[in-house]
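Coming up is one lone chain in structure tokens, specifically the form predicted on its own.
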Amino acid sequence: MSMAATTAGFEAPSAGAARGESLTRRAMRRLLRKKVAVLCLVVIAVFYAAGALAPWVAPYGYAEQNLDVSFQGPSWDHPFGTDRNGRDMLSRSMFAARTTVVVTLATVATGGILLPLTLGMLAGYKGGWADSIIMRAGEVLASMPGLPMLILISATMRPKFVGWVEDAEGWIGWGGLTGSGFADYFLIFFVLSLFGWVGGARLIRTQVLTLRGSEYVLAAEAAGASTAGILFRHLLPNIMPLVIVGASASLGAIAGTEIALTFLGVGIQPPQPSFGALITDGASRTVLENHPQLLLVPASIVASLIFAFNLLGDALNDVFTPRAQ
């Protein structure tokens, strides 16, 4: 999505806005008129609800084994079949969805919204040394090969970070952090956020540079408004469409990257379930020939989720930037 297309798409206030209807309300009304967007929202909502509620609604535990039903095909007791250890694939898929939910929401909140929003607005409004430092740091990160750097940092930092988490367990007197997978979740979210804020910050900076000379911003400065007040009260409402579209577009990429890292062995580690691990388990030739559902089930779920995110991102871009169509 080019910046020209994005900035060109902001509408002048319409009759609805004149009656007090906000941009967000108008955009949501247009979004709900798109059947494809509604279908994508349903798919994403079902996926996230299954992940969030997995500990309570999954029929079995994600590590619960029953070797008597190993490699069982789909049945009433196991709708998605079982794996080589007799673990229910439906339950493991729901707990794998929980992993994706945790990682995507944490990464989007920081690397997709908080960091690009704060740094982009600060760089665009303040300029000078703040702009130089933020943009040069972003250029350094953007110049590095993305996936290899993610693999390198995840592989080298994980042992140290797991050790820090174990030390923290001793300090707080609670030993559940390591068993809950906190170390893996936090490390993946940290690495994805570290490289994920640059593009969004650039877009937001460009939009703030355009808005900085607006009459309402100059009036606020003349009235003695603080920098924080101008940024978050006057500029933020005008760049929220960029933030919403950017965050929604990044969700699919974040989910795919987390799954790819786990597939390569440097992401979420066993026994915590992840779609990357499920795909790895079902990707061998022998398993694929005899029990194709072990690959088709997680791969189909992942493909549906990423496809839904991509279509929803296009729909949000259309409703927030209609002139860019």
Partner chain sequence: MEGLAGYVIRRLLFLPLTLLIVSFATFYITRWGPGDPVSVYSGQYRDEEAFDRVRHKYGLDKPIIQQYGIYMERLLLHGDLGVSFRYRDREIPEVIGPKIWVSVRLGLYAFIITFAVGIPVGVFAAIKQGTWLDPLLISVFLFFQSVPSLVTVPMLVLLFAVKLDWLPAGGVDGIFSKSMVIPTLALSLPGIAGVARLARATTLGTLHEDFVRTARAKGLAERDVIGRHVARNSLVPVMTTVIGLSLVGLIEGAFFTETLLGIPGIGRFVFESVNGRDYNVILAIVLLITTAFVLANLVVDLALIVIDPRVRAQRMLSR
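Residue numbers count along the first chain shown, from 1. In this text, all values refer to a predicted model and were calculated from it rather than measured experimentally.
The following text describes the form predicted together with its partner chain, which does not appear among the structures shown.
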Exercise. Quick one: which of 101-109, 133-141, 116-124, 239-247 gets within 4.5 Å of its partner chain in the predicted complex, going by heavy atoms?
Worked result: 133-141
Exercise. Closest heavy atom of residue 263 to its partner chain in the predicted complex, within 4.5 Å or not?
Worked result: yes
Exercise. Does any heavy atom of residue 164 come within 4.5 Å of a heavy atom of its partner chain in the predicted complex?
Worked result: yes
Problem set entry | Contact test in the predicted complex: residue 205 vs its partner chain, heavy atoms, 4.5 Å | yes
Problem set entry | Contact flag, residue 233 vs its partner chain in the predicted complex, heavy atom cut 4.5 Å | no
Exercise. Candidate spot 53, 58 and 183, all three in 4.5 Å heavy atom range of its partner chain in the predicted complex?
Worked result: no
Exercise. Considering 38, 28, 46, 288, which brings a non-hydrogen atom within 4.5 Å of its partner chain in the predicted complex?
Worked result: 288
For this session: Give, in sequence order, every residue of 282-308 that has a heavy atom within 4.5 Å of its partner chain in the predicted complex, or say none if there are no such residues.
Result: 283, 285, 288, 289, 292, 295, 296, 299, 302, 303, 306, 307
